[in-house]
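One chain comes next, on its own, written as structure tokens: the form predicted alone.
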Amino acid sequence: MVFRRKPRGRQFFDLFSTAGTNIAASVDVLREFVAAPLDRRPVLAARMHELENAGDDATHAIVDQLNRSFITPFDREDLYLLASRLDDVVDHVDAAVDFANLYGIGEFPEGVADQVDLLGKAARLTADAMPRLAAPADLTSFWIDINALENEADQVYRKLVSLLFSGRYEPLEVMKLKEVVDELESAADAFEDVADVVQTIAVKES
């Protein structure tokens, strides 16, 4: 009979849960921002920046806990990396909103709503997975589903880039819009990076 050690350090899992919840809240604000009129967007951009700061706080709390803990539930390097990858998601979402707000982008092109919808699905999966991180072997469906969503996001992104360079938009508008869709694509990539770290943890714990 093989006995597996039960991960200890409830505080770590609580902190990662907080980070996951913050990610879900950030994508909710992103969805509202994309659908909002121009005069509403500065308020939502400010709210997004607050959530980005909250994400930084969550990351710092995890790092601080790691630095103060002699024993950690999983490899220290993996926990550092997971905290960083979770922070990356919110950073990219915040950057997309910030660019769109600063540039005064009016109507978003076809496909941006699809990007946001996929990010919303990834955010919900991530927020649900983080409280269950203590049993990473049970999270197989998480990284499989996230990888599938990222593949969909790649397809949406390529179609968006094709649309931007189709001649429908003025060159300056193309530059502005592409910065936004690039950040949203980077957010999708960051979700996949989170899932990859969780899978690595699961493999090491198996």
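If you're wondering where the values come from, they're calculated on a predicted model, not measured in any experiment. All residue numbers refer to positions in the sequence shown, first residue = 1.
A second form of this protein, the form predicted together with another copy of the chain, is not displayed here; the remarks below concern that form.
No residue in the set 14, 18 and 114 has a non-hydrogen atom no more than 4.5 Å from another copy of the chain in the predicted bound form. In the predicted bound form, another copy of the chain lies farther than 4.5 Å from every heavy atom of residue 38.
Another copy of the chain in the predicted bound form comes within 4.5 Å of a heavy atom belonging to residue 63.
Under a 4.5 angstroms non-hydrogen atom cutoff, another copy of the chain in the predicted bound form lacks residue 128 among its neighbouring residues. Contact check for residue 67: a heavy atom falls within 4.5 Å of another copy of the chain in the predicted bound form. Residues 167, 169, 171, 172, 174, 175, 176, 178, 179, 196, 199, 200, 203, 204, 206 are the ones in 167-206 with at least one heavy atom within 4.5 Å of another copy of the chain in the predicted bound form, listed in sequence order.
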